[in-house]
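Two forms of a single protein chain come next, each set out by itself as structure tokens; they are called structure 1 and structure 2.
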Structure 1
Amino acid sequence: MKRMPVPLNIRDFSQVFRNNGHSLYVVGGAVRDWLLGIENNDWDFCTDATPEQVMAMFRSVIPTGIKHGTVTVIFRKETYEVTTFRTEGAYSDRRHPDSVNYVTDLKEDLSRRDFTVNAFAADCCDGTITDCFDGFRDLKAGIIRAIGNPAERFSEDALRLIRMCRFCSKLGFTADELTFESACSLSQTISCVSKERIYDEMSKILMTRKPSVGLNMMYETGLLKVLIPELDRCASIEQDKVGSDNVLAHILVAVDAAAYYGYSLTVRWAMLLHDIGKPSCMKKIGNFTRFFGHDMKSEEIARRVMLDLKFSNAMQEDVAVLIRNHMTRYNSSWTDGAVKRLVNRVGKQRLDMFFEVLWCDRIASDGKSGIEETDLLKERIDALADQPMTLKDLAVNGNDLYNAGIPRGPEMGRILNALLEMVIDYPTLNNRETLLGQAELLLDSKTSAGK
């Protein structure tokens, strides 16, 4: 019998339940990951005590999800989310049960969970692990299998469709045949799930060690076609790249490269969407396929996708800028002004991510050849670091212009950008007196032209 080590504070927490005639178990992913030797500090608990009984045992209890039997207990300055054993009624919205019924049998509670490898329970007093659905067998075989009838499990909660892909990606597992077939047949139901949850699950897939496993499963099951049809379409567009025979395959190699080097979620989303516009830009020229303007088209489509998936405004802008500039190809003939204008377009705060995107795209396109070019560009930017490149580098700002009599608004923005263009080419002019004088001249010239 396997026993999971239980921290002292949790054992003491569990003892309160036992002293009151109840049991407490840690369930799901924490147990699974311990069995696999994966670190996991996100523990969920279940008990045969009702929420009211739990609230009677402890001084500080927050009814965070009491409608579904969940409360959050504060014990010795730690918070523990505890859910009462339950069975569930129908899922009218394919996401949440219409009703729950409290039960006292652990197996009944575990039977409502999604996959066998997520249905372990460890007693919080001695760590004894309960496995009612052959989860040990599936862990050993590397299989994600739905508990009971997979069509019923997916019909109850459509989010489980994408969770299947995530667990395969995270654990390096494959889906059980019947579970996979059910997911394919029910893929359209993923549209019932909120966009916020879709974003969250896809982000978790992207943050695994090999995101292509989960993303490719999303494609194979039809989930990708429902959620991001423009990305799904990339699989039908042939393209000659290293290890790739179509655009989607190239994209997945690029995403895996970002994961391999441990790059941020922003960079991984940028790699997932960086070529999404290629199907709309494809041109056949003799025996060659070209994708003219796909960087701009990809940015346009990516903005729509990110808006739909409820990205934060800041992340939308970061990903869009990275995609718009991912086709940057540097050579030594560039002037200093050209280098500085690139920095202004990308933004100094995004330079590290910009280079990561260039590297991942080059790795996915040509192996590692061509990376030297981006390294030379980075060295060139570093050498110009003390020179003005962005509006923030100007020796004057909007307040200075306003105090000099220039009204706030579009005209002030035009003047600031004109000043930046000037000092990019002539950095010695970046001083307050010169810039204020030039600003007044620009305003006067605009006024004269208007008259």
Structure 2
Amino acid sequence: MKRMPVPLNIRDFSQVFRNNGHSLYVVGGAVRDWLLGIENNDWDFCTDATPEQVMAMFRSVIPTGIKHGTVTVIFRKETYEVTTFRTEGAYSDRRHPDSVNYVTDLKEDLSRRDFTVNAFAADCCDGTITDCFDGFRDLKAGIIRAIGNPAERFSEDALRLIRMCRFCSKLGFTADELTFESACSLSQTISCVSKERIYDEMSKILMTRKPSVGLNMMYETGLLKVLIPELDRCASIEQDKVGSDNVLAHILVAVDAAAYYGYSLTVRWAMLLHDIGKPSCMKKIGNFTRFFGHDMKSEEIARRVMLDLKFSNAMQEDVAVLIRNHMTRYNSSWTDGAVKRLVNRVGKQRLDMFFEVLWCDRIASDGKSGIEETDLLKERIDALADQPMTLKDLAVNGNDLYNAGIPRGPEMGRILNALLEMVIDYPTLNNRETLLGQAELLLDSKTSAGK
């Protein structure tokens, strides 16, 4: 029998359950990852004690997910998420169980879980691992297999379709044949799942070491076609890139590059969506395929996708700006003004991500050529660092203009941008007095032009 080492604080915590006649287990990912030798700091616990019984055992308990039997216990300053063993009623909406019933048998609880390798439980007192569904066998063989009948499990909760792709991606596993076939035939049902859960699960795929594994599986099962049809279409568009014969293949190499370098989730989403507009921009010119204007088109489609998947506003803006500028090709003939205008377009706070996007796109296009230019552009930007490039660098702000009699609104925006244009070309003019004088002139010229 395999035993998982249980840290002392968790053993002490579980002793309280034992003293009250109950048991405590760590379940799911933490046990699976320990068996695989992967670090996992997200420990989920389950118990035969009801939430009320858990609440009676400890002084500090927060009913975080009480509807599903989950409470958060604070014990010696550590927090523990504990869920009562449960079975689930029918899933008429393919996303939530109609009812949840508490049970006292561990096996019953494990049988409601999604995949065999996610259904291990380790006793928190002595670490012994329970494996009711041949999880050890599948872990050894590198297989993601639904527990019981795959079609039934996917019909209960369609999110499991993407979870299958995520675990294959995270663990480098393949899906069991029957599980995979069921996923293919049920791919349409993914549209029943809330967009927030889809965003979370896809983000988790993007954060794996090789996201292309999970994303490819989303493509093969038909999930991508339902969720982001424009991205799915990229697979049927041929292009002349080294190493990738179609646009989706190129995109996936770029996403893997972002993962390889440990770049942020924002950059990974940007890489996933950076060429999504190519299918609508494709032109055949002789033997070549060209995609004029695809940066703008990709931004437009990406904004729609991000809105649909309920990205935060900040994330939408970051990804959109990165996509819009991903075709930037620097050469030494650029004026200082052109360099500064680029910084203004991208935003200083996004410069690192901007260079990361260029780098991943290059790697996925033609190896590493063009990197020298990127380094030179970085040097140019550094050399101009103390010159004004963005509205924040102006010696006046909106309040100053307001106090000088310029009404707030689009007119003020127009004047601030005109002042910025001026100081980008003539940095010495960036002082309060000159700018306020110029602002008044700009306002007057607008007013007299309107007469």
Ligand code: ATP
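Sequence positions of structure 1, starting at 1, serve as the residue numbers. Note that the rigid core is defined as the largest set of C-alphas that superpose within 1.5 Å between two forms. Not measured: the values here are computed from a predicted model.
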Matching structure (the form predicted in complex with ligand ATP), either 1 or 2: 2
Rigid core fit then residue 422 CA moved by 2 Å or more between the two structures: no
Large Cα move at residue 81 between the two structures, threshold 2 Å, rigid core: yes
Yes/no, residue 353 Cα shift of 2 Å or more between the two structures with rigid core fixed: no
Between the two structures, C-alpha offset at residue 68 (rigid core aligned, Å): 3.1
